[in-house]
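Only one chain comes next, encoded as structure tokens, the form predicted alone.
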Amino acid sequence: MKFAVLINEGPYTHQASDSAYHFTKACLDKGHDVFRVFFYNDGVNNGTRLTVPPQDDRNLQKNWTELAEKHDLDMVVCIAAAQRRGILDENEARRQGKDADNIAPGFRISGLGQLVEAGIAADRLVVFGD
């Protein structure tokens, strides 16, 4: 089965990010295809490389990055939601006149069209968070 995953909540404030990560990992481990993981609203906060959780806590950004590398996973952060929350890739930082970017490895910034495409291409779109 081919899944697409939508994450609407940020890490450390809601269970949705953890649940989405474990769901996606389980799908991939069982041999299913994950067409795309789309981060929207506060979910874009999963994609910042500046997260520094305590040593005894899980590091969701690192977990997502490692999962993407291992499975060649397409992880898309919504551009409008990301800009509202100060998350930029190199091109957007330059375009907005900012001196730095903070998108984590394995994530990319794009628009809502990527979510629409994922919903069409996948057998199931699974949503985590409100």
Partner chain sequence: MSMDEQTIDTEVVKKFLYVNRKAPYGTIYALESLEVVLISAAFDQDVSLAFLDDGVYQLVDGQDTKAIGMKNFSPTYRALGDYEITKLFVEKESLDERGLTEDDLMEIMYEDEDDDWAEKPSIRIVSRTEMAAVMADQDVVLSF
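Residue numbers count along the first chain shown, from 1. All values derive from a computational prediction rather than experimental measurement.
Not on display, but discussed next: the form predicted in complex with its partner chain.
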{"item": "Heavy atom of Asn41 within 4.5 Å of its partner chain in the predicted complex", "value": "yes"}
{"item": "Contact test in the predicted complex: Leu73 vs its partner chain, heavy atoms, 4.5 Å", "value": "no"}
{"item": "Distance check, Lys62 to its partner chain in the predicted complex, heavy atom within 4.5 Å", "value": "no"}
{"item": "Contact flag, Arg85 vs its partner chain in the predicted complex, heavy atom cut 4.5 Å", "value": "yes"}
{"item": "Sequence-ordered list of residues in 111-130 near its partner chain in the predicted complex, where near means a heavy atom within 4.5 Å", "value": "Leu112, Gly113, Leu115, Val116, Glu117, Gly119, Ile120, Ala122, Leu125, Val127, Asp130"}
